[in-house]
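Take a look at this single chain in structure tokens; it is the form predicted on its own.
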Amino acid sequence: METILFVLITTLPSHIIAFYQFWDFPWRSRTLALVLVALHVCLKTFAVYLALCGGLHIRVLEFAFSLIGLAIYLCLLRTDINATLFFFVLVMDYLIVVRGIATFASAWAFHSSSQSYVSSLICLLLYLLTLPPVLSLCRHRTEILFQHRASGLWRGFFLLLLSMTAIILLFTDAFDASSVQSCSFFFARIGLSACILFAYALMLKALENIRHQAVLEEQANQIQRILQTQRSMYAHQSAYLEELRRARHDLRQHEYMIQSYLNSGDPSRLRQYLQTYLADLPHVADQHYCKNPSLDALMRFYAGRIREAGIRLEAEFSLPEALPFPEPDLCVVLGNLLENAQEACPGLENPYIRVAAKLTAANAFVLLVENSAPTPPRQRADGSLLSTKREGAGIGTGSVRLLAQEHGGMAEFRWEEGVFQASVFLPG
């Protein structure tokens, strides 16, 4: 009975952490996962009972059921497999460290067996002390990691951490119950916990760099779009100036014709000639949206794409030529929101996009983008939106949030009554 209680106490935290971390993630069937995990715990307990009745060791049995539990999450979670494996090894190492310290303390201080009631009690106390911060860390930091598709990086860290764990377990005789009283057993667990923290910190740093790189790539893409638009505008203006030059050259001939019609006393023929002449004059069809050249060029680029897609566009800008924020950052924010809005509109009846931007008296930048959206977007509990083009969080909205936070501002996304609204506020 002592061993069965110990196995239960050391098994349940792994599932608590997993469901707490992945509850808001996309599942193939969350209900099926709950049923299978409950069945898994019951079968593991029953298998341990049978093994104890037969006088068999249960260490190998515990590892086998750990792999079965992992298979349940891998099959039912819609996440990157390598990222899930990395998270599994982190949780497994945390459980190994707590279990190792508990068994060492019970054997060293109370001379009890490794899976006694004393070990179970110490293990339970350690979980009560450490589980809340671990859950908080998993919820608020690890969730950020899953927003990035970096399978190669996940795989490398997973294999590194798994190798370190295997070496520590094998060289400290983890399968021998008598080894728990040795100091090497205890310090190996402390070393393993240090490895966990170090690997986790490295992974956070690496993925943070990847996230910033993604933002820089978005900035480069938006700047490229601006340059493309400006080249097009320059070519159009050059052609327009050439037409004006030709029209000015031909003006003398038109003056002769007008004078001739006036002298003939036939106003109808003069009126017809003037109508034909005015129709042939070049005109400027381009629309300007604001005085800032970069945002104006970007807005004109997307306006052309939006109108070509048959989407009604309403835009209202109140921005000066010079803005107190880096123009590449503002272009990334505006470009991502316009692109997301355009992608949400195809196939809808009478789709529309509304854009409004202004600079307040306190030099705060305010941007609002609305688009028709009959169904709400998928999102997590923290408000991050899930991508419609791939698994995981959307890169565009993530970049907008990150840039807003870097400038001390905020970005909010909400859906209400068939309208999706994205708003960005950057304080002056």
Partner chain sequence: MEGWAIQASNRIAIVDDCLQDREALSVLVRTRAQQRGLCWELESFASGEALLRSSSAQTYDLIFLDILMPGLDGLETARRLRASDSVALLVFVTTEADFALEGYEVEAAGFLLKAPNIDPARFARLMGRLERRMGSERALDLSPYGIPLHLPLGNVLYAEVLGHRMLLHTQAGAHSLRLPLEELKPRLDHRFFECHRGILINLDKVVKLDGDTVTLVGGDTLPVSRRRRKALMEAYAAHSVEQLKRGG
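This structure is a prediction, so every number in the text was calculated from the model and none was measured. Numbering follows the first chain given and starts at 1.
Omitted from view is the form predicted together with its partner chain, to which the following refers.
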{"property": "Heavy atom contact within 4.5 Å of its partner chain in the predicted complex, the stretch among 126-134, 97-105, 69-77, 353-361", "result": "353-361"}
{"property": "In the predicted complex, the residue from R305, R271, H212, H288 that sits within 4.5 Å of its partner chain by heavy atoms", "result": "H288"}
{"property": "Its partner chain: the contacting residue among L121, A206, A315, L160 in the predicted complex [heavy atom, 4.5 Å]", "result": "A315"}
{"property": "Non-hydrogen atom contact V400 with its partner chain in the predicted complex at 4.5 angstroms", "result": "no"}
{"property": "S423, heavy atom within 4.5 angstroms of its partner chain in the predicted complex", "result": "yes"}
{"property": "Touches its partner chain in the predicted complex: L319 (any heavy atom, 4.5 Å)", "result": "yes"}
{"property": "L12: touches its partner chain in the predicted complex, heavy atom cutoff 4.5 angstroms", "result": "no"}
